[in-house]
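Single chain ahead, by itself, as C-alpha cells, in the form predicted on its own.
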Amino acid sequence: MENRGETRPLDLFSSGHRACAGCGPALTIQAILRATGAKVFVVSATGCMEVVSSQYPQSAWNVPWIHSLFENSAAVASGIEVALKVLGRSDDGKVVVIAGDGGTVDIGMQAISGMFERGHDICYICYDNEAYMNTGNQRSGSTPYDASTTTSPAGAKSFGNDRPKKDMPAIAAAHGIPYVATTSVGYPKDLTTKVQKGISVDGPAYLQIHAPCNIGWGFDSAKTIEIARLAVETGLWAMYEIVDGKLTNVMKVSKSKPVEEYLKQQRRFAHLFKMPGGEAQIKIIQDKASANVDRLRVIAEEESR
C-alpha cells in the first residue's frame, strides 16, 4: 500500500486486510505497531497475519516488512540486525519479529534459540492464538489442555489435547536474555508498555501476547476482548515480566473467576460440558488455574512488601 506523506501510528497496519471480523491477532498487530511507531523493521513468519495482510500486489504494512518461512523468522531478523550494524544504520529502527505460536513454540524454536544465544538486538513477539489457525486449526505446542482441534479432536476416547501448554516464556528466560514478558490483547495499556520496553532493551527480548481466534476457538466475533480478559481473570493466562532473570511485575488476580466462565463460551471446549467425565476434566483445568493464581499471588505480594 502506497504511503503518501507521514503515516500516523494508527495506520501502520492498515484497515482493508483480509483478517476475520474480531480477529485477535489483527488487533494485536495494530496495538504492537502503535507502540513501536514507524521506526521498525518487521519480519513475519508464515501464518494467519502474513496471509491476510500481503496478497499481491497489496500490503497492509506501512513499515518495512519481510515475510519469512515458518521456521526461520528469527534467522532472517538476525541477518537484518547484523546488516544494519555493518551499514552503520542501527539507529534507523529496531528489528522486530511478529509470528504466531506455531512458528514460535514449534517450528521456529531452533532459530529463536540461536538468536537469543547470539545476543541479537531483536524484539521477538509471538501472537499466541493457541493453534495453527491459518491451515485449519491444528494443534500446536501452545494449545491448552483439553482443547479440541482438528488434530486433537474430542471424541469417544479423547477429551481433546492431552498435553500441557508449552511454557515458551520460561524457555526464552532460560537463555539469559534481558527481557521476557507476557501480556494480552485484552489489556492494551499493558501490551503497549511491554512492547515499548521490549524494543528499548539492548539485546534480545521476547514477548508472548494472548490473542484469541474467534473462528478457531468458536466464539462470537464481538467477544474477542471479553474472552481475552476472562483468560486472565480465571488464571488460565498469566501476565508478568522476567527482567534479567527475575520474575517481576506480576498482574495480581485478587478474586479469580471459575474457569467455566471462560470455557463455556468457546466451541473448542464445548465437549467438556456434554461428555461423561467432562466435569472431572473441568476440575483438572480449574486446579491448574488456581495453582497458577496462588503461585503468582505470592510473588506479587512479596514484591509489594
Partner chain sequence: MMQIMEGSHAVALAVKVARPNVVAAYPITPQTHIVEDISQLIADGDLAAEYVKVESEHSAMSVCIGASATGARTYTATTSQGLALMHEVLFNAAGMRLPIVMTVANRALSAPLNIWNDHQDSISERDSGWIQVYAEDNTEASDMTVQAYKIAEDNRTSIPMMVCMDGYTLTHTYEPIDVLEQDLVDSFLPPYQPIDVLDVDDPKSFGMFADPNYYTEFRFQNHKALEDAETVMTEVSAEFGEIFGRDYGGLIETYRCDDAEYVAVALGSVVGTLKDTVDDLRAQGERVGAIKVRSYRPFPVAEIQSALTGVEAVGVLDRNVSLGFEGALFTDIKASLYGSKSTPNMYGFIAGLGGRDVTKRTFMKMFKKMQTSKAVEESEFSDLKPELLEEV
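Residue numbers count along the first chain shown, from 1. It should be emphasised that the depicted structure is a prediction, and the values quoted were computed from it without experimental measurement.
The same protein also has a form predicted together with its partner chain, omitted here; what follows describes it.
Enquirer: With a 4.5 Å heavy atom cut-off, would you call residue 215 a contact of its partner chain in the predicted complex?
Expert: No, no contact at 4.5 Å.
Enquirer: Would you please decide whether residue 241 lies within 4.5 angstroms of its partner chain in the predicted complex, comparing each non-hydrogen atom pair?
Expert: Although its partner chain is absent here, residue 241 would stay clear of it in the predicted complex, with no heavy atoms inside 4.5 Å.
Enquirer: May I ask you to state whether residue 247 is within 4.5 Å of its partner chain in the predicted complex, using heavy atom distances?
Expert: No, no contact at 4.5 Å.
Enquirer: Taking its partner chain as it sits in the predicted complex, is residue 275 in contact with it (heavy atom to heavy atom, 4.5 Å or less)?
Expert: Because no heavy atom of residue 275 falls inside 4.5 Å of its partner chain in the predicted complex, the answer is no.
Enquirer: Among 232-240, 38-46, 261-269, 275-283, which stretch has residues with heavy atoms no more than 4.5 Å from its partner chain in the predicted complex?
Expert: That would be 38-46.
Enquirer: Work out which of 227, 173, 111, 154 lies within 4.5 Å of its partner chain in the predicted complex, going by heavy atoms.
Expert: The residue in contact is 111.
Enquirer: Taking only heavy atoms into account, state which residues of 53-83 are within 4.5 Å of its partner chain in the predicted complex, ordered by sequence.
Expert: Going through 53-83 in order - heavy atoms within 4.5 Å of its partner chain in the predicted complex - the hits are 54, 55, 56, 57, 58, 59, 61, 62, 63, 64, 65, 66, 67, 68, 69, 71, 72, 75, 76, 78, 79, 80, 82, 83.
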